[in-house]
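One chain comes next, on its own, written as structure tokens: the form predicted alone.
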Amino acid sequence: MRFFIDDLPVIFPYDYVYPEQYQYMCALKRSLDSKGHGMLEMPSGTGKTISLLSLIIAYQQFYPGRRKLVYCSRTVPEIDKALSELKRLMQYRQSQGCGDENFFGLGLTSRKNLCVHPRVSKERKGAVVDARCREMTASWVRAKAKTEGDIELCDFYEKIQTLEAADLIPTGVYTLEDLTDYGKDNGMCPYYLARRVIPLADVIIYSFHYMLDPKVAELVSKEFEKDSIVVFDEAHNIDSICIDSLSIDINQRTLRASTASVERLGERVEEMKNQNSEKLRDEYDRLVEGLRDALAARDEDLVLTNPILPDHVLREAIPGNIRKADHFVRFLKRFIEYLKARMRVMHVVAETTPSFLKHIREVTYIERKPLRFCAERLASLVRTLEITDLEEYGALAKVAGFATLCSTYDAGFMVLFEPYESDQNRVLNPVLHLACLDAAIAIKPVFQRFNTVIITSGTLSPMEMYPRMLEFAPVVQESFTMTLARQCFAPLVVTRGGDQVTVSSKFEVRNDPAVVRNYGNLLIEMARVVPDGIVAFFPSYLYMESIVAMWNENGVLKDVWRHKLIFVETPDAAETSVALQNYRTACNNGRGAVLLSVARGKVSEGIDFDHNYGRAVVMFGIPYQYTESRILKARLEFMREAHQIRENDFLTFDALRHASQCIGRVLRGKTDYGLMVLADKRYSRADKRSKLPRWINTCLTETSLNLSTDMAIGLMRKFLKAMAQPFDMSAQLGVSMWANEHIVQHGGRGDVVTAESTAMEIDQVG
């Protein structure tokens, strides 16, 4: 269909547009018009991705000076799904006579997913694929191959180097599979092909880390124009991604590997002195001129570096005491020995980065400035020594990155020495944490560099928390509800069992036999009533293990087994993948299954349980973080002081967004239906409910807020019976049909339908 938003003609590749989709596009256009940042929350399964792409592509095509769209998602399946939607959209635009023959869209992912080399592509580990690839593509390897001739190179990579970027691939939209097939058919490496043509693309879709992780963002995203449109989809936990990208953990195994790497580095330096000392002298001269000049000629793929240094620092010369290669090797040895000594702790030591730097200066006389350049100096030396197997130096790179981060930032980080890896496992195994406490550090350059950054998800509530944590001011901040001709999802809050004992995952009562029994009875009754698949979430692996053990003892699992098969998510990704596959098989063959999972686990993020794969999701308890974590305590203290966010407010916000993400897995479209069960007394309180997404909250009525197990089962039966009745899809789309006719009629006459007036009329009809 075709309609107008203000003066912008939008081509939408479906017969109907939902009111919330139209409102979403109107809000998105306001953000683009103002060249400002936006936050948009849209219900799960209502076509957020295609709405976003339709509006932005229309914007690109209609207004002069095409703006590049950089679309960031979390997982490879989500990236491929977005590419498929983009491909469908562009094919539809072409059929409507609105296609652009020069339009170019593609995605980027790791070498492991794109490699087509007959030998390298068979490797299972991504790090091994990276290492083997570098051994055949590094510039000095290729230069040596020209003179010596007996070195294996990657023919797929070599062909790319012989062509100009514009001649590498025809325009069009390429999914990851399309890109791989094109590479195979034309003898080109899909990974480096994508890297080469990114500057030419109108739309590039890739992982969050290509934009937020400083180790790769400078390599992949440095050429994007300021007026590019950056979208972070499924961005409900974007603050955690920012923090993880700048946090480093070092244990004794890492330090032992670093020591071995430094020894190898020293040997390579001595070899280079004897064989080609001129290279070391050239490097020294470049370092005298400044760090930026020294790194200008580095291989684009060298990611040992951690490019987080400010511009004024990059213009400085490398400190004299680490300019020479052998001096730098000795410097690293001293620093590693200092870390080994500091990690001989029997109790927890926490300090700020200035305090850590002061102590190292007093003990070893190592100054702050050479530490700041450690990561970049190591990158320069690795290139000079022509090292291709970066995996061998991964531990050393981590130590160098730790030194650089510590000495660059005075605030927003904490250095923590702990004698045990976890409080549960009290075996002496010291760990050094460099914990980033400020999520704004990683994303702040993105907000500053680009005019328009859109943060969107189905679970952003309460939305006012993100601008405070990430330190940005959105010009548009809206949350949309779901318009429904029938109530296709039913949120229920179960507060007590059939014996009227309150159920909760509060620490004081979570292992109470009555609570465990009532949780078990709820699952048994749901297994009897709900067809197909049920997904049950727990706050943590530890709690799930204890509950399942007690259920096994009191016969709950046997009772559930009579009705459905049981599968369990584990911390091991391979085991979880097998469990998911078997769970889907059980749902497909009619046996039905229960999947026991964990909030913040793999199943809760990016796995859709649409239709028969998930007719009900039950959240046992509230998934609060482990509040005794010292890193969490430090972050809470930082947010209180820096952003005036109270500890309890953040903990509740964080727990409720993950609970919303879990229960949102059950609904993946308006033709789908499912039950959302929140099993904890605290969900009935207003302060908890208010933090649920608006589209869920509006469906929580008084009759579904304070239920016993028996009452909840009765409502489930009623809901499922209603869903089993024949349903005319035209009724589901009735409001959308009106919106369609209204918009097309106005647009067909050439009139301009304003975003505000149309959205208001749709609201009234909805």
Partner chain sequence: MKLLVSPCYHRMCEECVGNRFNAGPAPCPECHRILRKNDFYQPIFEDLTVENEVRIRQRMSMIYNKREDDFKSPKEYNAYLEMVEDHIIRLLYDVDTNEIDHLIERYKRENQASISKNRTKQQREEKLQRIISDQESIKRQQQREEYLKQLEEEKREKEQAKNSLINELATSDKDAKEIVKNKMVQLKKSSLSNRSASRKVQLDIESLLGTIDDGFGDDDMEEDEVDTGPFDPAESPYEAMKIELRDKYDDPNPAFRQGTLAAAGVTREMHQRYTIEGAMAGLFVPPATEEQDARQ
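Residue numbers count along the first chain shown, from 1. Note that the coordinates shown come from a computational prediction; the quantities given were computed from them, not determined experimentally.
There is also a form predicted in complex with its partner chain; it is not shown, and the following applies to it.
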Residue 320, heavy atom within 4.5 angstroms of its partner chain in the predicted bound form: yes
State yes or no: in the predicted bound form, is some non-hydrogen atom of residue 275 no more than 4.5 angstroms from a non-hydrogen atom of its partner chain? no
Heavy atom to heavy atom, is residue 337 within 4.5 Å of its partner chain in the predicted bound form? yes
Can any non-hydrogen atom of residue 223 be found within 4.5 angstroms of its partner chain in the predicted bound form? no
Hey, with its partner chain in the predicted bound form, do 177, 688 and 691 all fall inside the 4.5 Å heavy atom range? no
From the list 363, 348, 165, 128, which entry has a heavy atom within 4.5 Å of its partner chain in the predicted bound form? 363
The one option of 582, 94, 644, 552 with any heavy atom within 4.5 Å of its partner chain in the predicted bound form is 644
Here the chain appears without its partner; judged in the predicted bound form, the stretch of 676 to 684, 634 to 642, 197 to 205, 526 to 534 with heavy atoms within 4.5 Å of its partner chain is 634 to 642
